[in-house]
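Coming up is one lone chain in structure tokens, specifically the form predicted alone.
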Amino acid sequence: MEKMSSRAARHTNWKMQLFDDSDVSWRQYGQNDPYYGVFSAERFRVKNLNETSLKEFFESGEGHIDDILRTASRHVNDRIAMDDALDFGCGVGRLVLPLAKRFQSVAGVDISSDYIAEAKRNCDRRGIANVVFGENLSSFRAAGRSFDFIHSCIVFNHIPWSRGREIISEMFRLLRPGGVMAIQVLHYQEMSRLHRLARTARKFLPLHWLINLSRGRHIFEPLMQSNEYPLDELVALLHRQGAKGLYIRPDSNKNREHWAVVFCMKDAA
């Protein structure tokens, strides 16, 4: 893992940016605090990582993939082909690693080259050789790739719905007939109108920097956006794409946040 000795110099690239760009923020987490960027718990900070926390981090991925595939098989398609899988927003490879044990070939997509580099190192440490990585979906489409299973977890909440719906459409187009897609979304946050307004205002970065200072964080620690995805519009979008067997499972309700995993299949006909 990359050391953080040049952290202050790296933050310079973001000082002149006044409004948050979730892609820029994600790349910054990839450079400075990649595991915390995936799971925002203090034990996953670079300075706190140890064998115990890393074991917990990667074991959570194993359990998640088991659960998602079991649910997809029970409710959407009980004959998912186990040839090719894709994980969108793969980060350090928490979910790529268990997918690689279950599928013949796996693709990990992440806009951060630093995250991809760390995911590759995690694959190499475990002798996993059936994974390829790319920084966007279009590179796989251009190569003529398609997939039996496409997945994303704790990613779209960081991407505004206006952009995320285009990405989801592109993901669905990469599915093979009979293929299954499972994406996790944050669909509702219980908060007052004032709190919601304050959350939006933090995208003006000088305000976010002041809040960082008030909470004892590094002034330029990036904002983690929490974007809601309207389930009715998401379902309508998938229907227009030709999705079948739609199944929505409430995923968790933490800190008054309501999440769901949306499953669907591309018609095999």
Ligand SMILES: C[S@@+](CC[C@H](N)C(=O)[O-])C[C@H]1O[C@@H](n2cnc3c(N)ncnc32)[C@H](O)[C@@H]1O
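Quick note: we count residues from 1 along the sequence shown, nothing fancier. These numbers come from a predicted model, not from an experiment.
Unshown form predicted in complex with this ligand; subsequent notes refer to it.
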Among the candidate residues 180, 159, 100, 119, which is the single one with a non-hydrogen atom no more than 4.5 Å from this ligand in the predicted complex? 159
Which of 223, 68, 38, 234 has a heavy atom within 4.5 Å of this ligand in the predicted complex? 38
Whether residue 106 contacts this ligand in the predicted complex should be assessed with a 4.5 Å heavy atom distance threshold; does it? no
Even though the partner isn't displayed, in the predicted complex is residue 147 close enough to this ligand, meaning a heavy atom within 4.5 Å? no
So, in the predicted complex, is residue 196 in contact with this ligand at a 4.5 angstroms heavy atom limit? no
May I ask you to state whether residue 95 is within 4.5 Å of this ligand in the predicted complex, using heavy atom distances? yes
Please identify, from 123 to 131, 139 to 147, 85 to 93, 188 to 196, the stretch that has a heavy atom within 4.5 Å of this ligand in the predicted complex. 85 to 93
Looking in the predicted complex, is this ligand within 4.5 Å of a heavy atom from each of 26, 155 and 163? yes
Residues of 239 to 253 having any heavy atom within 4.5 Å of this ligand in the predicted complex, listed in sequence order: none
